[in-house]
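Here's a solo chain for you in structure tokens, the form predicted on its own.
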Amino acid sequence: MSKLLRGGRISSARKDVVEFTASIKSDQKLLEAVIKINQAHVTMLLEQQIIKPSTAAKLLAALNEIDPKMKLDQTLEDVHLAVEEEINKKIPKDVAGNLHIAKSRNDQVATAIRMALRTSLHDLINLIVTLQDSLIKLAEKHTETLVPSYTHLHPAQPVTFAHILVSYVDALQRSIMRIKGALPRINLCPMGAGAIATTSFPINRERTAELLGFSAVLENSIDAVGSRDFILETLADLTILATDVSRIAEDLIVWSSPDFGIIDLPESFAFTSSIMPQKKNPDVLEVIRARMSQILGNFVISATTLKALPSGYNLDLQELTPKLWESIETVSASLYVLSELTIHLNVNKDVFSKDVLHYSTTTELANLLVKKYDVPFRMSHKIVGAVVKTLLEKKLTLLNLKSELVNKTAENVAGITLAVKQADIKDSIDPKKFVESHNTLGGPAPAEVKRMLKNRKQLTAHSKKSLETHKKGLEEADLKLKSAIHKYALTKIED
């Protein structure tokens, strides 16, 4: 327990009570940001002539000595007091005591979370792009590989495996866009808001924001310290991302089962049964699927916490931050594993040998009657449905279909006379020709999928480039801060 806040209004506190309310266990992630905040704040105080040059020099020199990776003392309440305690060890208390002029833990923690979060989101976007790259590389190998698509978990129509993978890339791209869209709202600086009503010292909030790499000041002081909508927005974006990741995992789990047999999981990502030696279980994917549920849980916890709070700062806000870091770490780990698994995935190129999939081209048979034989689609749909029913009753497949059955069924169920050619039937039910004919924008035709893949590679390249631009801005701010520290701390200044 820090003595820095004891002996005034509150003389002492029970150790177990301090431990109960402390955030120190989850504050390690904020240490580097808190050090930089103090460095920027002291620099600003000096430039505004609020503190003496010698005081600033000693404070900055002491801050510069703190290892941003040092292990925090778990007996203290939070990272802010941990930094102050370190400063008190390095320089006289009458100098160290000026570190907290014109700031509060309230504006400091809000700033530190935003700083750590923007860095974490940069890393997260990189992981999403890495997964996209893995999916694209796999898709490029399977632009001609026919697989069934599913509706209601029943075989629907033939597509290519690459077509499915592009759908994952697109869903992930929207998550990137959402996260990038949130960054400008995250990258606003609360410093200078104080506890809730700013300060009477003549501070320069814009200068502090500049040194810390923020795009602007979060102006209203009540909003600055009391709002955590940026956490909620991030958790909402992570929940959508987690939902998409979970669905990808679910698809791979289903498709890897022998009953589907579309893919084969790499052995390094599968486990066997303790009793059944034949088993090859998708344990890794099942863990990913389960952990994605935790992200939704953290979002709900955070939303219900925030909705119950009055405006201004409340310590309830402290409980949100661990949920944020936990969600980012969980999603990040799952994205990494999924990327590695995808690279080594094996795809069955002969899946359409299964009888159950032979009916997946019946839509094109119905379309044939419309396009070549001038049958209204609803009537065509009814005729082909009746044809399928007859074949199933006789335990036959679409490959056994003869033109005579189509013509007879048309007369029986629709009262029309047709002379459908066998060659037309053969072409319409061929899965390869089915896919090739579906060359509408966004369709599964190999040429169209290749076009989409080329475009998606450009998108991932753009994501990387824009991320580098944003990171470069933060690096430039770091250089400004280091330059100021060098100028004010390492240069001997006499009062």
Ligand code: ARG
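Given the structure is predicted, the values throughout are model-derived calculations rather than measurements. One-based numbering along the sequence shown.
Not pictured, yet referred to below: the form predicted in complex with ligand ARG.
- Residues of just one listed stretch (285 to 293, 376 to 384, 158 to 166, 73 to 81) have heavy atoms within 4.5 Å of ligand ARG in the model of the complex: 73 to 81.
- None of Tyr359, Tyr313, Tyr150, Phe230 but one reaches within 4.5 angstroms of ligand ARG in the model of the complex through a heavy atom, and that residue is Tyr313.
- With the partner omitted from this view, the residue of Val109, Val406, Leu211, Ala139 that lies near ligand ARG in the model of the complex is Val109 [heavy atom within 4.5 Å].
- Interface residue remark: Arg105 is counted as part of the site for ligand ARG in the model of the complex, having a heavy atom within 4.5 Å.
- Ligand ARG is not drawn, but in the model of the complex it has no heavy atom within 4.5 Å of Thr397.
- Residue contact with ligand ARG in the model of the complex: Asn220 places no heavy atom within 4.5 Å of it.
- Using a 4.5 Å cutoff between non-hydrogen atoms, Ser215 does not count as a contact of ligand ARG in the model of the complex.
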